[in-house]
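We begin with a single chain expressed as structure tokens, specifically the form predicted on its own.
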Amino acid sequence: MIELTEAISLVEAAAAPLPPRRQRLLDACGLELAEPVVSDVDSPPWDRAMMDGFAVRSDDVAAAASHALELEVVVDLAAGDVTTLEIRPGSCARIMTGAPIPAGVDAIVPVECVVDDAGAAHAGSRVRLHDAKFRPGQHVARQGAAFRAGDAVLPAGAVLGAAEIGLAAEAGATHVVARCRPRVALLSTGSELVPPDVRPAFGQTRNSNGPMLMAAVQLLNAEPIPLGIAADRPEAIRAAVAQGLAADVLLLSGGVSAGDLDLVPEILRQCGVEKIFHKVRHKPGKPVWFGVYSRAHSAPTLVFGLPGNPASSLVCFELFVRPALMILAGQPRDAWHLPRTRARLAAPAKAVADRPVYLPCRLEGPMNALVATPLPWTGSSDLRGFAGAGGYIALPAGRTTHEPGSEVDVVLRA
């Protein structure tokens, strides 16, 4: 058994930022680009109308001076329509927003500038226009005005939000090279486990660890890969472990203590996972296991064997798995762990003599004067208190009772 601080340091030392990956554009939403996005087209790709109206020759409008201009409408163009017709002097095209500008014209007179009824002004008719504020070239988006083919529309280091995703798509990027979300395979072990949608029979237990750990992974912007439930049979666990070792992180819950059916440590050894530590001096979660699986031509897989009791599994996730995922994702050091602060106890809190203890608590008051109230908790199989907790009281080994008014460390929930 090793000390908590040593175990955390070993996890931090084993984790390293993952190299960027080429991935689908939408899968990279929220991530940082490692390579620029370069457009394969001009934008706009051709001169196009920015308003509904009539595509005209500026020379025709200038010749009409301040009077209404009467023109022949020779073609109707909606967005997506194209024409090879060249618009000659004295004529125009009825055009909708987004349509390509036909040859011969260079400006748009908005439909609101029609002197008479615009509804009848279609191809084969004549239209009278008067635009008192007319400017040559108005309401036309010129080809390449936004960017040109070969331009880097998004630099390396840009974070892909909604606008950036849209811009990359316009530039023709279906895939990008970006920082990646760690891929986390999750396996629950135990012959007594059944899925949450199954009403447990006598002797069975619903698998709460699977959904809980998947949620914890997702909240850290990592990608969970559920492997389901493996019964306490070596062949079942081994097959699931072999699949999970292809991920960046493999999380197992259950089977890491000292019972006859705690098979996980030996199976991990047989699968080539190097043990870094097994059992840490803290409560809840003493049986936690951690190791590294080396992969050729790829980053190693970090493997965590978490205790089967849900509260223990959650505490171990926050203490050990969280920093590993933050490091893999390239987050700065100050983001690796949940924040800590000091608070005063509103009620007695019980510790143990030989190891640090984490107790669920309610937190009230301003950050500079927090008050921590221990929540009812019956042990490491009880998630009820943790579900309502604002944080955890972190009590050091030694003193077994901390009285009301005592100042203690608290870990704030994310």
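Residues carry their position along the shown sequence, with the first being 1. Bear in mind that the values here come from a model prediction, so they are computed numbers and not experimental data.
Note that the form predicted in complex with a small molecule isn't included here; everything after this is about it.
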| query | finding |
| --- | --- |
| Location of the small molecule contact in the model of the complex, chosen stretch of 323-331, 72-80, 128-136, 182-190 [non-hydrogen atom, 4.5 Å] | 182-190 |
| Contact assignment for the small molecule in the model of the complex, among Ser91, Gln143, Ser208, Thr301, heavy atom within 4.5 Å | Ser208 |
| Residue (of Asp106, Glu318, Glu170, Asp262) lying close to the small molecule in the model of the complex, criterion heavy atoms within 4.5 Å | Asp262 |
| Gly244: touches the small molecule in the model of the complex, heavy atom cutoff 4.5 angstroms | no |
| Pro307 within 4.5 Å of the small molecule in the model of the complex, heavy atoms | yes |
| Partner contact for Gly255 in the model of the complex: the small molecule, 4.5 angstroms, heavy atom | yes |
